[in-house]
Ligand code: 13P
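In the block that follows, a single chain appears as structure tokens, in the form predicted on its own.
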């Protein structure tokens, strides 16, 4: 049976002191509920500047800390980027790769449309990042998902298939076994809309079918997109959904704890 994994993506929120405080609150909640063992794997991805603070605040707990992005080169003239070894050196466990917002695919557009070229992640760069991360001890969380126009055009499965094929190209099946995939319908991110649990389960099944048969049953696939205490249990009870990549609800320790409890109860 695949262990559920719930990871919070804090996006561009919280200064260091607040990040450390909220990790501390979550640490206490988890300790009170789970003690020293939990049947759910738990992670938080703060901003780069809060990584060290979050790692320190999480010590002695069941919380793994992750980064929100990575570059595929080890070093060099790449201003503003961080390599896998730098993230690893900061004490992180996870790293997000290919989040829709890095791809310039937003559920709720909060920047001028003319600036979307700034967010230039592609299937090729996702693949390069995944290969680089697999050379480290970090656990990659690869994000895929369709936008509203693609869903309305009936192209969900095609888009998912293309993103998956691009992400895992020339990656050995044995290496894929440690990768987590996160299906995030773009139209449900930050919009309050949630993909119906049955449909979310179906698409997570499509993701699974894109994987090599030898590791298909062991790889975990999260659902992301307005996951909340109100819908978490219904989503996580679906057989193809192995947890959640949680946005807004993860910023509130009590709400995030409820999502963790929901994953534990199914």
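Residue numbers count along the first chain shown, from 1. Because the structure is a prediction, the values reported are computed rather than measured.
Another form, the form predicted together with this ligand, is not on view; read the next lines as being about it.
Contact annotation for the candidate site: 99, 225 and 246 all lie close to this ligand in the predicted complex (heavy atom within 4.5 Å). Only one segment in the set 186 to 194, 172 to 180, 149 to 157, 87 to 95 has any non-hydrogen atom within 4.5 angstroms of this ligand in the predicted complex, and it is 186 to 194. Contact annotation: residue 252 falls outside 4.5 Å of this ligand in the predicted complex, judged by heavy atom distances. Of the heavy atoms in residue 11, some are within 4.5 Å of this ligand in the predicted complex.
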